[in-house]
Structure formats: structure tokens, C-alpha cells
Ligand SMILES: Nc1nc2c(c(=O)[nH]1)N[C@H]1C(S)=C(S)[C@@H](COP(=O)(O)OP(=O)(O)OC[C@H]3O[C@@H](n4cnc5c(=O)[nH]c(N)nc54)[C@H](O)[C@@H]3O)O[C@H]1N2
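What follows is a single chain, given as C-alpha cells, in the form predicted alone.
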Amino acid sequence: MTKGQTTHPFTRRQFLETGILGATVVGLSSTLVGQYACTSNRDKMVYGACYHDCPDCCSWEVTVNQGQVTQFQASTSNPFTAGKLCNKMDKFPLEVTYHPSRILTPLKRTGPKGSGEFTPISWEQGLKEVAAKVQENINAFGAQSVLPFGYAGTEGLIQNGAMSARFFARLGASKLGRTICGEAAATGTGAVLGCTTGVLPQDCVHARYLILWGTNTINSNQHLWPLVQQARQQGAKLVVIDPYRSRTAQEADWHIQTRPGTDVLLALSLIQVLLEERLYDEEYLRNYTTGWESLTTYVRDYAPEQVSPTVGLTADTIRTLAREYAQGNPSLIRVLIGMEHQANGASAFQAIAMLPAITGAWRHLGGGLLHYTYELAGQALNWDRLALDGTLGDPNVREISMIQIGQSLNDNELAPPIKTLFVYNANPAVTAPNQNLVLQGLRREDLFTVVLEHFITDTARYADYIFPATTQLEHWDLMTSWGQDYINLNEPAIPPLGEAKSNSDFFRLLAKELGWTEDYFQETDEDIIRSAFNTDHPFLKGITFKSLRQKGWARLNLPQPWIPFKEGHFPTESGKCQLFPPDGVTLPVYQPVEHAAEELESFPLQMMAIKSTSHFLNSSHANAERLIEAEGAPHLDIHPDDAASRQISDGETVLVFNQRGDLQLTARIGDNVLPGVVSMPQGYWSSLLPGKSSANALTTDRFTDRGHGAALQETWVQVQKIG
């Protein structure tokens, strides 16, 4: 960014809260998905983009003939997408839009909650009955007894929340604390830089020392991986810091395997070495940072020899890493989400964000920290139009944390209690921690639950009413990204199948049923998208609704070369990188979680629940037959020492359990984890697994140190063989 252009006013939370995040099947076959099909002059090309909670936000092209999709493929013109979709999405029309199990009519529950027994009803009946029940609960308990539970099932700025946010603000409903992912990381990084935007992904090719810290790039950021490979071909060394030996770690030049939750200790120890051995850029420190001297004093207690036993690395390993990083020119650290899911998550990001300023890495193209990019579109677009709900309703209504939704649904002292739950763009029965407590709440007969969905998910099984939602091929949306600097227009390629309606249309219709007549409920999705371009911000120069319809995508017009902090200009109050917090209090610290001795005796193994699946994303696609078969049964990674002491052999079925629940997995013995640590994948639907439990049956719902993130990795379990 240039001087005067700041990312500070736009937050990760604003991005999440606004969205950053009948035809027939005849004629569409698997041979036409992802490859060119025979077409005629009646074919129409429509542009769109992936809606998933993923940093890549791939652009795509859809060929339509007489209202049917005949070809679906990645954009070849967008240089970031580069003609490739991930294996989750390459057959998206068949596995989602045209899937035979897709919900295409409103459904009303007929059996017990959780049974999945429903009967079809009309939209007219469904809306009328839902509106009546919502009004009844409001009359009895107040508007804050209503809770919306929506997250990043789509990251489109429209279908994620443009209309639903207006609806719930107008209603006066409780707010949802949408902090399960990303907020702790943003809080930590922002404390140092004043923002989270640093290096752009394309510029990582210029790095010569590249650290992927707590990110499995091959699985979760596949379009960055070719750029990482290009940097290596040009001489870069690739280091992966991760407690799990992921696919990416196996490809690295050096895998540094730490103990889970100790990243802040490692980062502070690296800082101690850099300052002690004078491996720093003194000119950069003096001109563009604050708190250098205080930080030097603070890290004296974090010498490698002192932190080594806790981190699980030798002192020599820590010193070698610090020296190599300081000498890398340019050096780049890539961080993503996984590392924040620990008790000291924000502190870890805060400490890591200090490293590029200490070494002066920000001076160089491709040097610094590669984190989020959502602030770029946040500045460029007319966010006041997208976030209209900010001007509506009572700003003092209470907030319910999505992380502790299980506690809230079962809290007899909560005033008012949650009596109405709307779920959209989310599957909390699978993705929320402390799963069994969540399910206990969803079973409440006095909890009125409405779900907007494509399929009868584990959450939808507990709904009183399900309404069929459109897929990305059937509605308008505007797609930005938290991992790159492109913007996409998603135009509906086909009419909605059956009786499906977009999220926006559902909330417009329900507002009408409630008798609301405000003008802002009359705006169409296209109206809202067009208004987002009513700005003269330079990042949007030449980018319009019309131009995006013609091409589908555009790269934001950022200053080139992009070296945002070469001469400081950090969007902090001082304009400098804050190496020591101005308040002197919110320091990066390692505060281990205390456990009672009897608890650790009963549950001695630390459990990581990670996004290690190649074919699911969170819980999306975990019901697609092809992808279930390709992914295989979930497994538990366990170290040979821990397996031997429990007489567990490779491939045996084991029971993993703690005070919150249990589940059955297949043991995979090896060095993917350290002794005392086990790991399992997230994303599997509980209803499709033996024992009807998945990873979150075990995870804790405790918060991180700051940002109210989810400290999922602070979970401890026991493992025993079955039989």
C-alpha cells in the first residue's frame, strides 16, 4: 500500500459478518463435468466463483444449454486459479446442484428431533407457520430469544449475510459471536501491524527463505503451492513448522515438529536469539518500530535452553532456525488459521508478526508476513451498503458465542433463553466443539429450529422446518477472498432447481410474512451488488459490475510492486510496527492450561483435531459418495511408543474418549505426531460414522487468550483398543 492507504478500519469480524463470507438433470453426465463438451450456438457462458471458506476462492466458467449445465470448469484466464479446481469442487454440479438427495421443497418435521423424518410442505405454509411461531416466542420471551447461527458455508458477500443481517437486526435478535476461526489470529497480528495484510501470495516467488508456520498448504491452499514450488526452484529453502507431519511437511526441506500449543514460546525464543546475537536490522528498528528496547528486556527469559523442553526442540535447532531466517533475503513467513486453535493462539500470532520487522524483511519484495488479504476488498468496496445492518436495530443486544453454543442452548439461567434458532451456511452439529452438548441442546422440544440447506445434514435432522437453499450455480453473489487479491462476480447459471430459493429471498419472504415493509427488504441481490461498486477507491479503478459480467473476475488495482511496509506506514496509531504493546499489558505470553492431576491421569494424550482431509472442507462434501470413498475411513495418528504401551497395532479399531464423549477410529501408527500426542481429521459427519460421533465430540469449547477464538487443540483424551 502507499502512504495514506490504510487497512486499519476494516476488521476480520466485519468480513465474516458480511460474508467475506426447477431444471432437470437430463443431459448432464460425469463426462461433461470438468472437460469440454459438444456445444451449439445456443450455449451460454456464465462466470462464477467458489463459495467455500478457503483462501483460494477459485474462478470458474459454466456452459449452459437450455437451462442445463453442460460444462463446468476452472477459469483458465484467471492467473491465480490457473485452470484448476480442487478435487472437492471439480464435479460440483453433479455432487451438489444435481445430487439426487438434494432438498428441493420445504420440509416439516414429523418424527422426533434427530430422526430425520420430514414431510414436504408448500412455501406458503412453511413461511406462515414459521412466522407465527417466531412471533409467538418473541411475544413470550422477547426478540433476543431468537438466535441466528450462520457462518462461512458460503463466503459470498450477499448470500452469507447481506439480507439475513438486515432481518435479524430489524428483529432485534441476539447476535452470534462468529469467532470460531480467524479472530484470534487477526487479533494477534493486528496488535503488531495494525492490520493483517502483508505480502501478497503471488509475491512469495521472490522469497529465498520461506517458512510455512502451522499451515498444510498442499491441502488447504493449493493455488499457493505452485508459487512456493517456484520459489524453491529459484533457490528458496522451505521450512515447515507444524506439530503434525502433514503432506506439506513431508515435502519441506526442513520439518520442525513442535509440541502443540507452544508456537508463542518458539517465536519469542527466536526473537531472543535475533536480538542477543544482533541478527537484526537496526535502521529498520529505529525508524519504523516502537518498543524495541522493551521487547529486548522482555524476551530475556525465553532463551532456547529455557524453552527447549516445553517446545520439544533442541536449543541448537532454535538457534539454527533464527540464524537462517535472519540471513534469508528475502525471508517470508506464511501463517494461516490452524495455529490459533490453542489457549495462547493470539499470543502466537502476535509474536510471529514481530519477526519480519526485527530482521527488516519488510524492505524486500516477497519479504515479511503472508497472512490475510480480506482488508483489501474491505477498503475498496462500498462496505456501508453491504453492512447495512450496522445502522439498524439496537447495538446493545447480547452476543452468544458460536464456540459455546452447546452451553448456551442448555443454560437454564440464560435470560431470555434461546427459544428460536435459525441455521444457515452452517452445520454446528458437526463443526461446533463439545458436540454432544450441542446435540443435547438441539434435541430440546421447546427449541424452535429453522434450517436453510441443500441436504439433510446432521444439524438439519434436528430442524422443525427445512427450506431448500439454492447452490452457487443458481444465485447472484459477489466473491472476495481472505487469501488473495481477486474479486469475482457469481452470476446464476441456471434457474433454481425445484422450489429452492436463495438465502436472501428466504429472509425477504419471511420479512414480508411478518408484515415488514422497509425499503431495504425490497432490494434485489443484483441491486446490492451494484451498489457495492459505488465508490471511487483506487483499488477498484476500472472494475465495475459490467466489466465483471463480461469476464467474471478482476485483480484489485494495487500499487506495484507491493511492498507495503518498506518504509513503515503501518496502520497503527503511531504509524510504526508495535514490537511492544502501547498498553504494556497485552504481551505475547505462554500460559499453559492447568489440568487436575486426576484428569491428566485419566486422559494423558493431547489431541489435535485438524483439517487434514483432502476431499472435505469443514463438513462440506462429507456426504458425497465419490469423495467419501476417496477419503476413506477416518484414522487416529498415534506415535509408536503410545501405541505399544496400549498394545495397539496398526490398522486396529480404537476407542478415543474423554469426559465429553467418545468415537471409534482406525489406528495409524507412525511419526506423524510426537509421543504424547494424537491427531484426527475434522469434517466427517457423525451420522455417517460408527458410533455416530466425530472429532468435535471430544473437543473443548474453551476460548483462546484473546479474540474469543476456539482453543480446540487444548483437548486431552485416552485411547484403547476395541475388543
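Bear in mind that the values here come from a model prediction, so they are computed numbers and not experimental data. A residue's number is simply how far along the shown sequence it sits, counting from 1.
From this point on, the text means the form predicted together with this ligand, which you will not see here.
- Query: Just one of Thr196, Asn490, Gln342, Ser347 has a heavy atom within 4.5 Å of this ligand in the model of the complex. Which one?
  - Reply: The residue in contact is Gln342.
- Query: Exactly one of Gly261, Gly366, Pro106, Gly360 has a non-hydrogen atom within 4.5 Å of this ligand in the model of the complex; which residue is it?
  - Reply: Contact with this ligand in the model of the complex is made by Gly261 alone.
- Message: Is Tyr51 part of the interface with this ligand in the model of the complex - any heavy atom within 4.5 Å?
- Response: Because a heavy atom of Tyr51 falls inside 4.5 Å of this ligand in the model of the complex, the answer is yes.
- Query: So, in the model of the complex, is Pro588 in contact with this ligand at a 4.5 angstroms heavy atom limit?
  - Reply: Result no; Pro588 lies far from this ligand in the model of the complex.
- Does at least one non-hydrogen atom of Thr704 fall within 4.5 angstroms of this ligand in the model of the complex? Although this ligand is absent here, Thr704 would stay clear of it in the model of the complex, with no heavy atoms inside 4.5 Å.
- Item | Interface membership of Gly190, this ligand in the model of the complex, 4.5 Å heavy atom rule | Taking the distances in the model of the complex, the answer for Gly190 is no, it never comes within 4.5 Å of this ligand.
- Message: Counting any heavy atom within 4.5 Å as contact, can you tell me which stretch out of 474-482, 530-538, 201-209, 304-312 lines this ligand in the model of the complex?
- Response: Contact criterion met by 474-482 only.
- Message: Ser145, Gln404 and Leu409 - do all three of these have some heavy atom no more than 4.5 Å from this ligand in the model of the complex?
- Response: Zero of three within 4.5 Å in the model of the complex.
- Task: Would you give me the residues of 239-256 that have any heavy atom within 4.5 Å of this ligand in the model of the complex, in order from first to last?
- Result: Sequence-ordered list: Ile241, Asp242, Pro243, Tyr244, Ser246.
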